[in-house]
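Form predicted on its own, single chain, as C-alpha cells, below.
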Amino acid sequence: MLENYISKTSKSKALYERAKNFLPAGVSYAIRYFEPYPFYTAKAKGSKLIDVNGNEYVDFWLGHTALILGHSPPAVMDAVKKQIEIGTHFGTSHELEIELAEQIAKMVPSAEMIRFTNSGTEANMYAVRLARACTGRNKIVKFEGGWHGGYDSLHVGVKYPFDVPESAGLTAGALQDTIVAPFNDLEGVREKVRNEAVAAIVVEPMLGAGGCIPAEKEFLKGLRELCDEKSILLIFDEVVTGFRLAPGGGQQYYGVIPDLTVFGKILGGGFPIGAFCGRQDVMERLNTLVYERPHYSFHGGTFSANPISMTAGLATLKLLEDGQLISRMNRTGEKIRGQIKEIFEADDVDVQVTGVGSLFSAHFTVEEVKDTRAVFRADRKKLAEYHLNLIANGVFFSPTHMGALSTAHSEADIQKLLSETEKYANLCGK
C-alpha cells in the first residue's frame, strides 16, 4: 500500500519536505496529515481531487464535509465571479447579509435572528457567551466526543481518555465551568446537572469527529425537556448537520427545536463562514442599541458577513431549499452504510457502520457504537489502514474520519468506493 502511494506521489513528497521547514508538522491543520505524508491537491472539480502528480481521487472528505454541492459548483462559482467584480470586502453593512439571514430564517426552525462569524469555532464561542449573558449562569454542558472547534471552554472531553487535556495552554480557569456529560445517556446528563447552575447544553445532533454517531431522537427530546424544566438554553452545534440532514438541519430532521443553533461549513458554499442564530429574545441580547456595557453580549469580526461568503452561501442554500437534493443524498447514504457493512461481513470482518443522512463511518468492532467510548474501543489502527488503502487506490477520506456525499458524486464514484472496500475486506478477512 505505502509503496504504491509513494511511487505515485513523488511531487507531493517533495512539497511535504519543503512544507516542514515553515509549517509545524508540515500542515495547516493536524488532521490533514497522514502517513507517510499527505498528497498535495493541484485542482478540484465536482467529486474529484487531482494531486500535483496528476492522480485523481474520488473525494468523500469534501473539505471537512463542507462541500455538499461538490467542488466549484457552477451556480455558486458564477455568483461569486459576479460578486468579485463588485467587491470582495466592504467593512460596511450590505444587502447580501440581509438576504442570507432571511434565507436561513426561512429554512431553519429555530432561526428568528442571525449573526455571522468567520468559522464554526467563533460561532460556538459567541453562542456560549450569549447563553451566559442571558441566563446569568456560568456552567456549560458539552458531551464526550463532541467537537466544537478550538474555543477553550469547549475544547475538553473530545477524545478518549477524556481526562487528558486536548491541548497544552488550556488553563484550569477556562475549563472550570465546563461539564462533560455522556452522549445518548439522558440519565447521565441529569445526574451531571443535578446541583449545577447551567447556562447552556451544547450538543451535536450527530457526533462528527466523535465517530459519526447520530443522537437518538429520544435523547434530544429529553435534553429539550430538561432545558425547559431548568431554564437552560439548548444549543445545537449544526456545523456538520446544518443544511445536510434536511433543509432545516438536524433540528428539522429530528423534530427537536433548540434555543440557539451554530452553523458553518455548508453555509459558506466553499468559503469561510460561521453563524449563530436563535430565538429573538435571546439574540436581542447582542443589541447594543438596547443593552449597554456590561449587559450586552459582544459579537463582531472584521470579515463577519463577508460579501463573497454571503454570495456563495445564498447560492448554495437556494439549491438545497426544496430538500430534493438532500433527500436523494440521504437515500444514497443509507444504501452505502448497508453495503459497506455487507461487504465486510461477507469476509467475516467485524464492523459497525454509523452515520445518518449522507454521512457514514466504519468502526471495526462487534460492539454497538452509540458513543465515543465505543469508537475508541474499536480497532482504530484497522480503520486508519482501511482509509489509507482507499487513498492509495484513488478514494479519499481523511484517515479515521467520516465520509460525506455531495450532489456531484456519481454512481461510478459510489461503485469505486464499494469495490475498493471489497478489495480491502478480502485482504483484511484472510
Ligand SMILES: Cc1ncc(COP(=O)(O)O)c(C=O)c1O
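Numbering starts at 1 and runs along the sequence shown. It should be emphasised that the depicted structure is a prediction, and the values quoted were computed from it without experimental measurement.
In what follows, reference is made to the form predicted in complex with this ligand, a form of this protein that is not presented.
Peer 1: Would S119 sit within 4.5 Å of this ligand in the model of the complex, counting heavy atoms only?
Peer 2: Answer yes; at least one heavy atom of S119 falls within 4.5 Å of this ligand in the model of the complex.
Peer 1: Can you check whether N306 is within 4.5 Å of this ligand in the model of the complex, heavy atom basis?
Peer 2: No - in the model of the complex, heavy atoms of N306 and this ligand never come within 4.5 Å of each other.
Peer 1: How about W147: is it within 4.5 Å of this ligand in the model of the complex, going by heavy atoms?
Peer 2: It does: once this ligand is placed as it appears in the model of the complex, W147 has a heavy atom within 4.5 Å of it.
Peer 1: Should K142 be classed as touching this ligand in the model of the complex when contacts are defined as heavy atoms within 4.5 Å?
Peer 2: Output for K142 is no: heavy atoms all beyond 4.5 Å of this ligand.
Peer 1: Identify, from the list V128, V240, L267, I213, the residue with a heavy atom within 4.5 Å of this ligand in the model of the complex.
Peer 2: Comparing distances to this ligand in the model of the complex, the residue within 4.5 Å is V240.
Peer 1: Given that this ligand is left out here, which of N124, S358, T316, Q251 has a heavy atom within 4.5 Å of it in the model of the complex?
Peer 2: For this set of options, the contacting one is N124.
Peer 1: Just one of 232-240, 189-197, 162-170, 217-225 has residues with a heavy atom within 4.5 Å of this ligand in the model of the complex, so point it out.
Peer 2: Heavy atoms within 4.5 Å of this ligand in the model of the complex occur in 232-240.
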